[in-house]
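Just one chain is shown here, as structure tokens, and it is the form predicted alone.
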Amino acid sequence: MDTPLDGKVALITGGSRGIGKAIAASFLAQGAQVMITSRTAETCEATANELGDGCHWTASHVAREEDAERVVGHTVSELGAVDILVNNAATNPYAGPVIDADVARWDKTFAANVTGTLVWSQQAWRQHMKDNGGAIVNIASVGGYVTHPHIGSYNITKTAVIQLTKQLAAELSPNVRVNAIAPGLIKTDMARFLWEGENGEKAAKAYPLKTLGEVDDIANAALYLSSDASGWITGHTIVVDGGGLVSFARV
């Protein structure tokens, strides 16, 4: 499907590696100017150099409201717009039962994954989209639909992102569309302990399509939701998981 983004400006949080980097590459290939941001300046710079012309960068902390205001303002000033916002950055500092979660790491997870999604959307809306329209894509997770013995805290934040997507879609219509993507297990560094080696082989067998996801699978979905090809879609979460939810619900 031809989904050009010629003339569009996209801002991607957590854009220096993994899913964010793949989304940036996809958008660049379709003609967009892209601003990537993440915590480490050196990583951002290296990724921008690798992706080439049209990729710009600035470092930020996704959980800091002042950073969101600064980076959105910088993007509008330097590139003229923020037509597309991809809220991709997330963290998962705690693994274990939710009942044993310490409040410090619980709060850190919510600050990045939920509050971060809100404040970056607020700044994109206030500084450009309110008057010019646009598209927001939030990266949620299939974990937002299920329980898990080890990453329950993370999954709860992704449930919140799915609901936040619906709420913002209702509030920002008709000029701004807000959708989300719920990936299954994707081969990223963040999820390496879940897919590397025998763990990955076992996990892949549980999926109807018998493979784990790649970052490009999510980038393709983000491209669709950011383009005019999805112009009559808002408030929805697209599950990209190789059929995992179907399989897991059956066992």
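So that there is no doubt, residue numbering starts at 1 and follows the sequence shown. Since we're looking at a predicted model, the values are computed, not measured.
FYI, the form predicted together with a small molecule isn't displayed, but the following is about it.
Subject >> Which of 166-174, 85-93, 68-76, 124-132 sits within 4.5 Å of the small molecule in the predicted complex, heavy atom basis >> reply: Of the options, only 85-93 has residues within 4.5 Å of the partner.
Subject >> Contact label in the predicted complex: G18 to the small molecule, heavy atom within 4.5 Å >> reply: Contact with the small molecule, yes.
Original post:
Applying a 4.5 Å heavy atom distance criterion, does H56 contact the small molecule in the predicted complex?
Top reply: H56: no, not in contact with the small molecule in the predicted complex.
**OP:** Flag S226 as yes or no: does it have a non-hydrogen atom within 4.5 angstroms of any non-hydrogen atom of the small molecule in the predicted complex?
**Re:** No, no contact at 4.5 Å.
Original post:
Is A203 a contact residue for the small molecule in the predicted complex, using a 4.5 Å heavy atom cut-off?
Top reply: No - in the predicted complex, heavy atoms of A203 and the small molecule never come within 4.5 Å of each other.
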